[in-house]
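Below sits a lone chain in structure tokens, taken as the form predicted on its own.
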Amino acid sequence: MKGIIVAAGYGTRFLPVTKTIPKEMLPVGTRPSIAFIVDEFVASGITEIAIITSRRKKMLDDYFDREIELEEIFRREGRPDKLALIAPPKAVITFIRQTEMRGTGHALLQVKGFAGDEPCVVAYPDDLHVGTTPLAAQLAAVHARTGKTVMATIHESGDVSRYGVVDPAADGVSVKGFVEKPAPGSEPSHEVSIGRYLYTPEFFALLAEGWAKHVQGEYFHTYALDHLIAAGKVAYCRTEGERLDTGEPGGYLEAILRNAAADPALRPVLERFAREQLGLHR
């Protein structure tokens, strides 16, 4: 199974830094956020990955390339620990450029040939996953049982009006409807979609069909997804583990803090800051 990461957007919520630095390269700890997605794919057995980029995202290509000069320095110094930190992932990564910013549906059409005739996992790098079983592997397990396209979800007990909300079928796994940003009180459930999908090849055929009818403006993946839902060919997978939303500055800061709390080297710094600056005590 192949993996696709949609990373062509402007990242305007993080301006001015994203004027020159791709949002996907903003660090969570000492690693860029996109590295978490690649690691998730590799841990799920996915070793062929396409990253959809734009002309402003050359830094992504450089990051996943080898750094020959540093490798040689660390070899001479006998520093296998440093070599491990800069080693490229154990995957073949292809970069495919979206030359026009015409929406997520248009972006995914750029990788139709890469996806081929097999299911693939699509990730939007605003959503990071922390847990025992990688999220892509969780989606693959549901697909293996159902043969369907699979949407990753979380249960949101509060207001869901800013989310896409799943209308679950009675079997507890199939999707019978999907509502984007429902008005409060009109939501079909509190099962909300997050940025991870497993698409069957039929998805890309429908995506191309919708694009042929599209007139102007941005084109989104919802045309194909809605048609698959109507045909009873979509399931959902409630995420086991924790989802970190790095798509806006507040969520990004929370991801940094959670990463620091889990790092033995950084946790004392975080605790000291909490005591001295925030007046918090354990």
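Start at 1 and count along the sequence shown; that's the residue number. These numbers come from a predicted model, not from an experiment.
Below, we refer to the form predicted together with 1-O-phosphono-alpha-D-glucopyranose, which is not included among the displayed structures.
When 1-O-phosphono-alpha-D-glucopyranose is considered in the model of the complex, I93 lies well away from it, no heavy atom lying within 4.5 Å. In the model of the complex, 1-O-phosphono-alpha-D-glucopyranose lies within 4.5 Å of some heavy atom of E180. Remark: I194 counts among the residues lining 1-O-phosphono-alpha-D-glucopyranose in the model of the complex, judged by a heavy atom distance of 4.5 Å or less.
For Y163, a non-hydrogen atom is located within 4.5 Å of 1-O-phosphono-alpha-D-glucopyranose in the model of the complex, even though that partner is not displayed. Contact with 1-O-phosphono-alpha-D-glucopyranose, judged by heavy atoms within 4.5 Å in the model of the complex, is confined among 78-86, 207-215, 137-145, 163-171 to 163-171. Of all the residues from 214-235, the single one having a non-hydrogen atom no more than 4.5 Å from 1-O-phosphono-alpha-D-glucopyranose in the model of the complex is H221.
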